[in-house]
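Encoded as structure tokens, the following chain is the form predicted on its own, with no partner shown.
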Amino acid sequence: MNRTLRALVATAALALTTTACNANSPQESSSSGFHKGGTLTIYSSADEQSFDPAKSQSLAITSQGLVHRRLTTWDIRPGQEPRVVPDLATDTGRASDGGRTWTYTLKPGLKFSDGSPITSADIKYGLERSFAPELSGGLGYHKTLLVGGDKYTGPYDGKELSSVETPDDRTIVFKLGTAYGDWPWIASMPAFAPVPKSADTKPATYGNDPVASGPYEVKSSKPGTAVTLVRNPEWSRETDEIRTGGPDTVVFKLSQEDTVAAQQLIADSGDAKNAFGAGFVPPAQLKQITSNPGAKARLALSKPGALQYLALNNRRPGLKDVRVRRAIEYAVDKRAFQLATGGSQGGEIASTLITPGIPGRQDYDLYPADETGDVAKAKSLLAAAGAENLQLTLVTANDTGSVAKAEAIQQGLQRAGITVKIEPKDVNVYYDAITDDKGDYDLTVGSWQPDFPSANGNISPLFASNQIGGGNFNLSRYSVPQVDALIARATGEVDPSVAQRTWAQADRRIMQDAPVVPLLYARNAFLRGSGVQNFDVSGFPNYPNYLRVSISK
């Protein structure tokens, strides 16, 4: 995941009304400039696009949100703080038992794309299947919070998760093991989308043709080529204040190399006119775009946000000694990495784990050095650890930008006598390799944007012991009981100011162990065609809001 930003080059970020309208009105226009109709194309480098909510780490405002609604969702608009708002539920949740019990009521009249009613049992079943090992890979915050979640393995053996109760068709109750003030944000995650049990006959392929609750349903899915979404006839804007359901059709064009996609968008002809790139604009093309007034006007740049970091696999023999990891903190050439990311426009030099813009973040640097590093200090630490002639493998995605960043790391470490072998992999193979249980790598460059606007979303997924392997993103395989205790304390705190101080304490404590090297607070750059309206990258999460994009007449 990524987040970043930069000079605010305005896109057509028009304020949208939330006036109720029927999704099937093909040519509706509003005074806000929002237009219904047309085909939106989204270029993606992935070779497949699954819409299985149990396996998804999609942000609430991106691809999954077009097909699936959740109990709550995000209200992301230009110039305003992100808000958690009701989606299928009537409110963002009612806490009781000191924050350990959360109750939701579904809005009346909700329907799936097949016309059947959406009930609390469908929410419960959708959530339960996210625990099934065969559907791993989705966001898993709820798995450690719900009572019994640590032992539950999904519904396919006939067992239910008793900490999720459905006393009637419109009520669902969650019993947590500890107080959790961020639960309304958790309920906005993909696993909280409804899935009818009767439709889940082939779980492994459910994401190719799911039963939709959002404004679109899957019409066709061709791995390596495209996924086409068309309107869900049962979706009603009257119950959905967030999604505008603009285009008639949304096409995810798969296997699109980012540089090729950017070139098509710069040219702004054919399908590209009504398209945008899901990936970041490659750094090498930023200069080309900013020197082209027509393309520059269609560039959306974010503020500094997502943490780009070098993960040091703490379980690998060469990296178990903290002195070696601290040596790498000094040996890395962050300026070279910044240049490989597009220079200062690509992001700001980082030294901490909590990203800018998150409440309670504290700025500090435990390994002060010039932006190019301190090679002498690195060599001294390596010598003290007896780690001469250190040889490490760095796995990375095989796209041009990722390889360039890996080479910047490689050349920086070489100055301290550390030999780095780069292993590029196809993007899906790469993500499997860094999140599986094996962890067969020494180094990898990660990029992380919190899954919700709390330091909890920075620290827990990257450094909690229970986030290692199994599709999770503790890429440094870091496991320290004292840190786990800090995370548990902060997570259970319902007073935001106290929680923020604890998260800041955890940030500093983790960096003492040097499990990762913070590199940049990245700025994300996205490019759209001239026919795409309402395309904006707000402060958080520094990604386009797919749910409000429309096509001009």
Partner chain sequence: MTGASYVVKRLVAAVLVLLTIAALTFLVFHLLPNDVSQASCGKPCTAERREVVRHFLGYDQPVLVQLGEFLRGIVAGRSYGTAAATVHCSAPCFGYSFRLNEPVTSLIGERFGITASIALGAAVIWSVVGVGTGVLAALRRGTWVDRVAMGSTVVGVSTPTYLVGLVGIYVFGFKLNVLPVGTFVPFREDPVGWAWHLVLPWVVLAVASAAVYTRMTRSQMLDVLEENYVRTARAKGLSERQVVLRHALRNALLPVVTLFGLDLGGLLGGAVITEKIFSMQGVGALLVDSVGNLDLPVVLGVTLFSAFLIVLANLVVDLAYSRLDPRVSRSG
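Just so it is clear, the structure is predicted and the values come from calculations on it, not from any experiment. Residue numbers count along the first chain shown, from 1.
Separately, the form predicted together with its partner chain exists; it is not shown, and the next lines address it.
Interface residue among Ser402, Asn313, Gln410, Asn472 relative to its partner chain in the predicted bound form, by the heavy atom within 4.5 Å criterion: Asn472. Leu139 is the sole member of Leu139, Ala378, Leu127, Ala300 with a non-hydrogen atom lying within 4.5 angstroms of its partner chain in the predicted bound form. None of 274-282, 216-224, 111-119, 81-89 except one has non-hydrogen atoms within 4.5 angstroms of its partner chain in the predicted bound form; the exception is 216-224.
Although the partner is absent from this view, Thr153 contacts its partner chain in the predicted bound form, with a non-hydrogen atom inside 4.5 angstroms. By the criterion of a heavy atom within 4.5 Å, Glu134 is counted among the residues contacting its partner chain in the predicted bound form. Taking the partner from elsewhere, Thr205 is found to have a heavy atom lying within 4.5 Å of its partner chain in the predicted bound form.
By the criterion of a heavy atom within 4.5 Å, Asn389 is excluded from the residues contacting its partner chain in the predicted bound form. Along 240-268, residues Lys253, Ser255, Gln256, Glu257, Val260, Gln263, Gln264, Ala267 each place a heavy atom within 4.5 Å of its partner chain in the predicted bound form.
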